[in-house]
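First comes one chain, alone, set out as structure tokens in the form predicted alone.
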């Protein structure tokens, strides 16, 4: 009887030691993955910065802005519509923050609600951008203004689309038990990425609609 008890206790200690090793390994790889993900975001910042600086250079070098094409000065972009669309995107950053915070407390129902709201707002922003593309009185070709606008906002829109797909995958993983209250690096990375697209849009909105 005593031998069985000792054997049972030894088994529990072995399982506990194995979980401690797993937690330690997760902590080490989490830090490395976070560092790698931050390098990815920095590289993306460099990519956007290159195009932004090119646009700034072209704009300050132009004799008039908006530029004159075929004898007509190009119109300014619709700031009011872009502002409303920006509120949609910035609101999605708030909902994503609450989604992550609720996951930390394993409030799955609220997590799903906030995450779905983030995805819906992200899709809403993309639809707003598509609408603006369809009505804006400027073309890709023929002016530095049009080429810069479609390149930068299109590149950002592509990042938002990737982010929407990424968040959808994270939601599926979370509901399948991939993450726990202490192991959720994927959700952290998704939140960081979503805040990144928000920050980039602040720069683009300021450049094209406020400057």
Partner chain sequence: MSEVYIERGVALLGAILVGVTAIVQLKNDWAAHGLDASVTKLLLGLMALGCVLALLAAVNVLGARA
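Quantities reported herein were computed from a predicted structural model and do not represent experimental measurements. Positions refer to the first chain, counted from 1.
Beyond the structure shown, there is the form predicted together with the partner chain, which is absent from this document and is the topic of what follows.
Using a 4.5 angstroms heavy atom cutoff to the partner chain in the model of the complex, none of 40, 48 and 162 count as contacting. None of 136, 116, 123, 83 but one reaches within 4.5 angstroms of the partner chain in the model of the complex through a heavy atom, and that residue is 83. By the criterion of a heavy atom within 4.5 Å, residue 127 is excluded from the residues contacting the partner chain in the model of the complex. Residue contact with the partner chain in the model of the complex: residue 87 places a heavy atom within 4.5 Å of it.
Though the partner is left out of this view, residue 69 does not reach within 4.5 Å of the partner chain in the model of the complex, counting heavy atoms only. In the model of the complex, at least one heavy atom of residue 94 sits within 4.5 Å of a heavy atom of the partner chain. Taking a 4.5 Å heavy atom cutoff to the partner chain in the model of the complex, the contacting residues in 189-211 are 192, 195, 196, 198, 199, 202, 205, 206, 208, 209, 210, 211.
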